[in-house]
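Taking the form predicted on its own, here's one chain by itself in C-alpha cells.
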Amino acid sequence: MVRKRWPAAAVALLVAAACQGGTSGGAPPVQIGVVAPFSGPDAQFGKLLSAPCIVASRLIDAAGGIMGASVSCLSIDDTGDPADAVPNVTRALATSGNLRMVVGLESQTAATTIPLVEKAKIPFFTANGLDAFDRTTDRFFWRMTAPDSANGVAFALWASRKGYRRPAIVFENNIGAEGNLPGLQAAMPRLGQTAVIDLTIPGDAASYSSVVDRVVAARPDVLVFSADPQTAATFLSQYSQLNGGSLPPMVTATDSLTPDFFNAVAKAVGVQYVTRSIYLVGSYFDNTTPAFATYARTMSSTPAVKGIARTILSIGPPASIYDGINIMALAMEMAKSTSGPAYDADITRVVSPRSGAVVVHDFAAGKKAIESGKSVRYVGVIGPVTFNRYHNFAGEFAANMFNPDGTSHQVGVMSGADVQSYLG
C-alpha cells in the first residue's frame, strides 16, 4: 500500500480516540493489535488502520462480543522503521494479556514484524503489498490486499483500456510506490505499451523542474504516477508551467482518494484536471452491498472516525482490515475458542461456500447463525473471498475519478483474473 499524508483534522480525531470496546460479562476483552506507525513522519497511516478496528469493535460489542467477551484495539507502534518495529512489537506480544488477533503490518516493516506475530501463533490480516508474501508458508498469515505487482499491472491495464500507449512512469522513492514497478513493467509490453521514461523522485522536493523537463521532452500520452499530495502538486504545477499549460492524463493509486490529494492538486493545476484527467486505480469493492451499508453507516456515526469516513470508505486496505477482524471473530465463534491455533483453521471455513451455509454480511448475523447451529459464509465489504493455498486473495480492481466536491465515482472494473494474466 502506498503511503500518503492524511488530513490533519483526521489525525486529531483518531489520536483522541480511545480504541476500546465496551464491557461484556466477566470475560477479559479480546485485544486486536494494530501494528502500524503511530509516531514519526508516517503516524497518520496508523490512524488510518485504526479506524476499521474501532468500527469493527463497536459492532462486535453491540452484538454481544466474542463468546461474551468485548473487544479492544491495541495500538502497536512500528514507527515505520524496522529498527523500532522489532522491539516494539516484541514487547507488545510479550506483555499484552489477551492479544488474540493482529491487523496492519504494513509494507515498510512487514518483513520484520510478520515473523514475530507468526512465531507468537496469532492469526493476522496484513495490509502490506510485498510480493515476497505471495507464496508464503506462514500458517497464521492472511491477506486480502492485492500485492504491489498486481496493482502495477492494474495501472497498465487501465491505461491500455483508455488507449494510452506511451506512458511516463514517475514514482516517489518509497517501498510502497516502487513495489508496483515489477508488475507495471512486466505488463506494459504485453499490452503494446512502451514507457517513454521511467523515473523515481524524492518526496517533497522544493522543485522538480529538471525532472519535469525530461518527462516533457519524452512526450508521454499518460503519466503513471505515485507520490504524496505535496509532491504531486509541485510536480504537476511545474509540468504545466514548462509545457505551455498542458498536462497529460494521469493513472495513480486509489490511495490518493483523499481530501489532501484532491485539495493540493486542485489548487496547483485546477479542479478541471483533477476531475477529468486523473484515474485512481486499486482494489474494488461494491458500495451498494448490505455489508458496505453497515460499514459506511457505522464509520460515519462513530465519533472517533466519522470526520474521515468519506476518505476511508473509498480505499480498499481499511475495508480488508474491517473484514479481516469480522472473519477472525466469527472463526473464534465457530471454534468456540480465542486461541490462535484453535480458530485459525476456521478462517477459511468462514468465507468458503458450502452447502447449507447461511450468507452473512456482518458479525451480528454470523454470530446469531453460528449460535443456532448453522454454518456461515461471510461476504463482507470487499465481497466474496476465496483464499489460495498461500492465504492470499487479491480480489477485483477498479478505476475511480474525483467529483468536483472531492468525493469519487467508479468508472470501470477489471477482474482479478485479467490482472493476473499479465503478470507473466
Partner chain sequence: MHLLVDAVGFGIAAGAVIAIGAVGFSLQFGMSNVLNITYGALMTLAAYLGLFLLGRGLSAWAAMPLCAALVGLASVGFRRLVVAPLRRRGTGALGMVIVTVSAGIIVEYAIVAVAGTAAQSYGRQSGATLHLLGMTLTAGQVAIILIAAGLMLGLHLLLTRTTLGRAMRATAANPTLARSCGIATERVGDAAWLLSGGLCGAAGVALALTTVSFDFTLGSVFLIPMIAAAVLGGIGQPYGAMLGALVVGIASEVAGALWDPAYKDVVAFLILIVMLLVRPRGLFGAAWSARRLLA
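C-alpha atoms forming the largest set that superposes within 1.5 Å between two forms make up the rigid core. Residue numbers count along the first chain shown, from 1. Computed from a predicted structure; not experimentally measured.
One more form of this protein should be noted, the form predicted together with the partner chain, which is absent from this view; the next part is about it.
In the model of the complex, Y208 approaches the partner chain with a heavy atom inside 4.5 Å. Under a 4.5 angstroms non-hydrogen atom cutoff, the partner chain in the model of the complex has A268 among its neighbouring residues. Interface membership of A342, defined by any non-hydrogen atom within 4.5 Å of the partner chain in the model of the complex, is ruled out. In the model of the complex, at least one heavy atom of D260 sits within 4.5 Å of a heavy atom of the partner chain. Residues within 4.5 angstroms of the partner chain in the model of the complex, judged by any non-hydrogen atom, belong to 208-216 and to none of the other stretches in 153-161, 208-216, 307-315, 281-289. Out of the listed residues Q241, T137, T194, S301, Q241 is the one that sits within 4.5 Å of the partner chain in the model of the complex by at least one heavy atom. Of the residues S237, S277, N98, Q185, just one reaches the partner chain in the model of the complex with a heavy atom at 4.5 Å or closer; this is S237.
Annotation for T95: C-alpha shift under 2 angstroms between this form and the one not shown, rigid core superposed. Once both forms are fitted on their rigid core, the CA atom of A217 lies less than 2 Å apart between this form and the one not shown. For G80, the Cα coordinates differ by under 2 angstroms between this form and the one not shown after the core has been superposed.
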